[in-house]
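One chain is shown next in structure tokens, namely the form predicted alone.
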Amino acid sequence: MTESGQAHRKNEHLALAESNFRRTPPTSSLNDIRIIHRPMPEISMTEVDLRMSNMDFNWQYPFYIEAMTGGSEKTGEINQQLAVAARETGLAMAVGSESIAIKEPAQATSFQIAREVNPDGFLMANIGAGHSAANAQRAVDLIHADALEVHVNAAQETVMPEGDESFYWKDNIKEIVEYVKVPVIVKEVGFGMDAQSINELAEMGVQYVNIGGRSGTNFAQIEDRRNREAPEQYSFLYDWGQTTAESLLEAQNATDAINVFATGGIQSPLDILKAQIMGAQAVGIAGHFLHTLLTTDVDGLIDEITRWQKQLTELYALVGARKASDLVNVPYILSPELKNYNDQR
């Protein structure tokens, strides 16, 4: 079957994300956060419970496979493999943007495969903030999702050759939150969030945000590389936005209470721990897990996730935390650059 231009774009996103990872392996912005070691944690690893204490997201582990792809035959195969890894490790999983399946129903199977492979797992649907509430519910129904990610991606659309030019999203988001029958997470795709926007979302009735910080998959760079007629004409936007570490500080400075998830350049269980110490309830991993899948196959990804689950338990014990709520007591310091950012904000 000949695939549409939008389906081809999904394949390009996948290939360029992996190419960028190989060419310039990401460095986590959470390296700018240093945990203070306490030599007497007074705990046994058997006492550690990683489960999230959230009635909407009652997950066994506080990290998950973040949204990556879907919308073509090739990306459907990736979703199938990711769903196998999620099933075998007990992780939650989000699919990529289902906007293409709303427009081209023939592409629905590339998302539905995740539910077919993992019928009892926790799956998150995904759609852009420019869509109607009815379309958002269609995305949920398509994969019988347990939650919905609504992504905001103004910087990506700005660089994308065929990107949208209108970013009137607030009314849509408010309607989606009111209409959709599952929990809704408003998610940045990799350019971070600020305290004011987080407060605005909370005032609109949003209960969950994913700060989606810069330092992971860079969609400004990916979209710029897709423009073969004039590549790298938007290179000045490659460092646009707030990093994951900066965005977590922004969330701390927000005045309205809201549940925070974090993604963006997560490279290790230590990054997960640091993000949680900084206030994230759950942490999503996309680019790193995609690279592992493409270089070691699904068994290699399962092995890595299993290892991370064990190592995160060990890290909790190392800092004396029996559960996530204990992490608020873990002392840390910021790098001079990150402290300067926080002081100015």
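The numbering used is simple: start at 1 and walk along the sequence shown. Keep in mind the model is a prediction, meaning the values are calculated, not measured.
Beyond the structure shown, there is the form predicted in complex with a small molecule, which is absent from this document and is the topic of what follows.
> Applying a 4.5 Å heavy atom distance criterion, does residue 263 contact the small molecule in the predicted bound form?
Close contact exists here: in the predicted bound form, residue 263 approaches the small molecule to within 4.5 Å, heavy atoms only.
> Hey, in the predicted bound form, does residue 62 get a heavy atom within 4.5 angstroms of the small molecule?
Output for residue 62 is no: heavy atoms all beyond 4.5 Å of the small molecule.
> According to a 4.5 angstroms non-hydrogen atom cut-off, is residue 79 in contact with the small molecule in the predicted bound form?
No, residue 79 is distant from the partner.
> At the 4.5 Å heavy atom threshold, is residue 219 in contact with the small molecule in the predicted bound form?
Answer yes; at least one heavy atom of residue 219 falls within 4.5 Å of the small molecule in the predicted bound form.
> Out of the stretches listed (245 to 253, 185 to 193, 170 to 178, 100 to 108), which one is close to the small molecule in the predicted bound form, meaning heavy atoms within 4.5 Å?
Result for this chain: 185 to 193.
> May I ask whether 14, 67 and 285 each come within 4.5 Å of the small molecule in the predicted bound form, counting any non-hydrogen atom?
Every residue of the candidate spot has a heavy atom within 4.5 Å of the small molecule in the predicted bound form.
> Just to confirm, with a 4.5 Å cut-off on non-hydrogen atoms, which of 151, 226, 131, 115 contacts the small molecule in the predicted bound form?
Checking each option against the small molecule in the predicted bound form, the one that comes within 4.5 Å is 151.
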